[in-house]
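Two forms, one chain: they're shown below as structure tokens, one block per form, named structure 1 and structure 2.
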Structure 1
Amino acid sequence: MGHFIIVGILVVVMAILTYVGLDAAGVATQMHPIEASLQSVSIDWLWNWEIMAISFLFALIVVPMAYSMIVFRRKKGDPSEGEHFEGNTTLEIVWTVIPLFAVLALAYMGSYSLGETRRVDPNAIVIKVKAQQFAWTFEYPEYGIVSNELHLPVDQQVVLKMESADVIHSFWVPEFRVKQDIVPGPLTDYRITPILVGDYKVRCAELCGASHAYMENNVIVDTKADYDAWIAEQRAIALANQTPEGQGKLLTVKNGCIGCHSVDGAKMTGPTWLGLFGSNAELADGTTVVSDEAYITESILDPKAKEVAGFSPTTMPPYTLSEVEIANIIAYLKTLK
């Protein structure tokens, strides 16, 4: 019995030291970014309990093994055989029942955390999210706003209705903890309740193509007053953008064009739009073409018809746009000088 007491004390001590060591190394809590959503609190709580369970199981294996190797090792000059055991029914029942209850307890904790993560607020704000290579687009249907930044009010649940235009993407804001894949075809719901005002980044966490690493957009959690002010500002901009140029700019945001084309000359996976209209474009076959209405229209409808040198083979998908929409986009490109 004395050995069991000693081993039990050593297991407890080792488990505590292991957890403290993991916590000091950042594995338990500090390795995570800040908790910026209500869901992250529940997820981190479950993670912390799992680290404690892992620390205890590690001690429960290592301590008896090390203790037995030291205390019950064969003594020098002792040729006798060790005591023979046929089994211990009580011990077998104990190490079956206790792990069973432990598994059930962890299952309950996991179910509780999942329930808290997916809890539905009937007053949640609805925002549509479109993912495509290699950009995110956010639409606020209640206000008629389309943006490449995601603004969220603090302490208010938001449900993102997400869809993919091409391949599998994955919506991930590390500070929110919850990560959700977006599969082409069906709409995917993502519920989150921000609790900390600040600026964050949404990243695609599913390899989706050559520029996957650059598929990130700003996520801003505002106070209620700042959120309302941003909505009012964006509504005013939307009303002002009723011109062909404004409608064209809105189309480029809504269709994710800015994920590959810059408007300031920056190098991206597609040619920059700055100074594009009217310029001479060198093609992959060595010829040159003027970037006029006909060429831009053809490039939108059939991107592979005339590939620009240095940007082939192109990954741009063909778009189905009306003549008016294409004309509006060209009107917008004319303003980028």
Structure 2
Amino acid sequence: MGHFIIVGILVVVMAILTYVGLDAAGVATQMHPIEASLQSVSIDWLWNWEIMAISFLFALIVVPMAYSMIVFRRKKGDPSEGEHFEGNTTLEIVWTVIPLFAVLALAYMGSYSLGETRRVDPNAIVIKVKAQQFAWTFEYPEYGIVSNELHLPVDQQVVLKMESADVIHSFWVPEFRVKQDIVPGPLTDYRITPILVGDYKVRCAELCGASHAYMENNVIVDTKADYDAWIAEQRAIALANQTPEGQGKLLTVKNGCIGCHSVDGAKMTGPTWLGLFGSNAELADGTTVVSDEAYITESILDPKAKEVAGFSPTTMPPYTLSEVEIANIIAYLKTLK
């Protein structure tokens, strides 16, 4: 009996220590990073229970194991065998049934928590999201705004209608917890209610190719006032952008070009556009061509046709854009001097 009492106490102590230790490591009571959405609250709630259960179960197994290892080790020169008992059906049933209840509890809590994360607000704002290798585009259909930053008003449910242009991506803002794949074909929905003003990042969570790691865009949760101001500003920009250059710029955002091409000279997956128009492009085969209208058109429609030195021609997907659209893009490129 003595053994059992000691082990029992040790299990409790160890369970508490494990839990406290995990909490100190920042992974228990509240999952980090900070909770920034309503959905994360019920997720973290469940997680906390799970960590408690894990701490306890871990102690429940490891403590008697360690205890046996120390107390029941063979002393030097002791030739005897262990105690002979083959099993105990009652015990077996106990440790089948108790975990069964634990599992049932977990299943219940899991369903509850899932229900909470999926609660629908009929007044949710709809925002369209387009994901492609390797860029995010956000469209606010009500206002005719296209942006590569996602702005959200705080305390207001939004539903993202997400589509993919190529492969599977996944929308994940760690602070929001919830994540949702974006599969080519049908639209997928993502519902979230931000509750904490701040700057976050959406990080593509499904391997989607060479630059998957960099498929990150800003997500900004604004106060209602800031959000309205941002919308107004963007609308103004959109109105001012009725020129070909303006339209071109919009197109490069919308099509995700700027996921790979910088406009400030920085080197990204693709060559920078700064000063591109009219310059001499060095090709992989050593020749150079002048970046004129024809060359750029070809580069967009059929990127593989001419390979720019130092870049892989297979990374850029071929685009099917209309003549007008391409002309607009070129008009925009011309402004990047």
Partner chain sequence: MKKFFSTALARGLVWQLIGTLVGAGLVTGIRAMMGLSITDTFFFTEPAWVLGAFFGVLFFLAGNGSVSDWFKWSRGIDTPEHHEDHYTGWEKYLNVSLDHKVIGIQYTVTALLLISIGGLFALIFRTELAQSQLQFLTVDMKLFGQNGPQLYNTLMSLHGMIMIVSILLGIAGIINYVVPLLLGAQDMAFPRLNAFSFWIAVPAAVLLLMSLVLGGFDTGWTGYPPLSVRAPVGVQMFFLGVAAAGWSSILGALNVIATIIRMRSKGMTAMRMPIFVWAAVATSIIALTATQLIGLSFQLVMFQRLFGMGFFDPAKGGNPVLFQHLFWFYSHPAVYVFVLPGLGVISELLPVFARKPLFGYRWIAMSSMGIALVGFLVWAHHMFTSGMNEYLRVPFMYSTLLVAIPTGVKFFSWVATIWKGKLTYPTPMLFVLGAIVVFLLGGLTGPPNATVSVDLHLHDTYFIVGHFHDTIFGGFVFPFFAALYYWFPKATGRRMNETLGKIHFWLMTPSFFVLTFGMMQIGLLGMRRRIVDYDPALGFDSTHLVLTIAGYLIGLSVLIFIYNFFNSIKNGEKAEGNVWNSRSPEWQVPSPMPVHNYDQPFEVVGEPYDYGLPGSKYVEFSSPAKSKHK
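The first residue in the sequence of structure 1 is number 1, and each one after it adds one. Values in this document were obtained by computation on a predicted structure and should not be read as measured data. Heads up, when I say rigid core I mean the largest set of C-alphas that superpose within 1.5 Å between the two forms.
- Here, the chain labelled structure 2 is taken from the form predicted together with the partner chain.
- Annotation for residue 229: C-alpha shift under 2 angstroms between the two structures, rigid core superposed.
- Comparing the forms between the two structures, the C-alpha position of residue 324 differs by less than 2 angstroms, with the core used for superposition.
- Once the cores line up, the CA of residue 73 ends up 2 angstroms or more apart between the two structures.
- For residue 12, the Cα deviation between the two structures after core superposition amounts to 4.0 Å.
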